[in-house]
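First comes one chain, alone, set out as structure tokens in the form predicted alone.
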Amino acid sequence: MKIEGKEYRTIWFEKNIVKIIDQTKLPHQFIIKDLKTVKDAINAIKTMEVRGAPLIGATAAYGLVLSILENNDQSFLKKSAEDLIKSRPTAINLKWAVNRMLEKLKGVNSDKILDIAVNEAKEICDEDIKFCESIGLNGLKVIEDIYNKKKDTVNILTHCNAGWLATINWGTATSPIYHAHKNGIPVHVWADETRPRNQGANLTSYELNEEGIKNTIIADNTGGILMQRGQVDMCIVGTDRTLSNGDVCNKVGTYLKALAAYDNKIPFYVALPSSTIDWDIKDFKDIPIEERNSEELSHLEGVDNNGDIKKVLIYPKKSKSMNLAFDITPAKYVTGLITEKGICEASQEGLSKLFK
């Protein structure tokens, strides 16, 4: 996708260095950052310089490439893998990518291991782009159906950032939107601000602006009244982990949007590549929910009049806050899951038909 008219991926490998777009600086500064060690990769994941389940997985894959460059030793590789998996517990793509890399590298001679690791990490990225493009083409059909009935701008509400910045390219929730735009369908996006890190405001709106797609940032609690007023035609969100029964774990606040959509009879879709499906956990209560630093709530970051990024306290100094990063949307509130293989109902039966 584009930034200032130039095509980018969110991550790439160049001269033994992993290049990323530092998303903590967006939308105010566009900075390409170098990751040179596995610790750099772990830190980038922890501090959310990279974020979004598919991109986290790709960064972890390249983190193991950096581990091999740093110390071509199996015990160091194993320790690096363990540390990468611990860096953010909720998104299943991270563990999936690390395990896929380890399986590929098992028993490989040390003189060949680097080339194989680089190729596999690149394959993970290339595969994700294909999956996200297919998600877009499958989801496009839903938008087309709404447009053919309405014959007017399709208003889509999304939460957090499941755009190309959360993947390698195209995005998950945004991919159908990008495809609709490319096909001449007029779309407008309600972008939830998504407190506390404001990924909707800082990232979703930013990338939609760069692609020339109309969008409006709203406070997280505005979606309900927009639905009541008939100003939302559909909701589409991403996911960090979806269970085989169709329960969806995504950015905190997703559950409330799903409830509002259900009450107002508005379709609520979840877009995801198959790498985000957790086939092992059966009960959503067993999903590890990340609790992040409370400072993300108590402090706001922005640009001052001099163009400098500053952080300011907005809560009373003595107040405590809790920062749960994700919530669970039960399958019964999900209209459908949009995957690279098609759209299915959010259920064991629905997913099993697509992924035998």
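None of the values given here were measured: they were computed from a predicted structure. From 1 onward, residues are counted along the sequence shown.
Note that the form predicted together with a small molecule isn't included here; everything after this is about it.
Taking the partner from elsewhere, every residue among M48, R88 and A166 has a non-hydrogen atom within 4.5 angstroms of the small molecule in the predicted complex. Judged by heavy atoms within 4.5 Å of the small molecule in the predicted complex, the contact stretch among the candidates 166-174, 73-81, 142-150, 213-221 is 166-174.
Interface membership of A53, defined by any non-hydrogen atom within 4.5 Å of the small molecule in the predicted complex, is confirmed. Within this chain, D240 lines the site of the small molecule in the predicted complex, having a heavy atom no more than 4.5 Å away. Not displayed here, the small molecule is kept clear of L94 by more than 4.5 Å at the level of heavy atoms in the predicted complex. The small molecule is not shown here, but in the predicted complex it comes within 4.5 Å of a heavy atom of C160.
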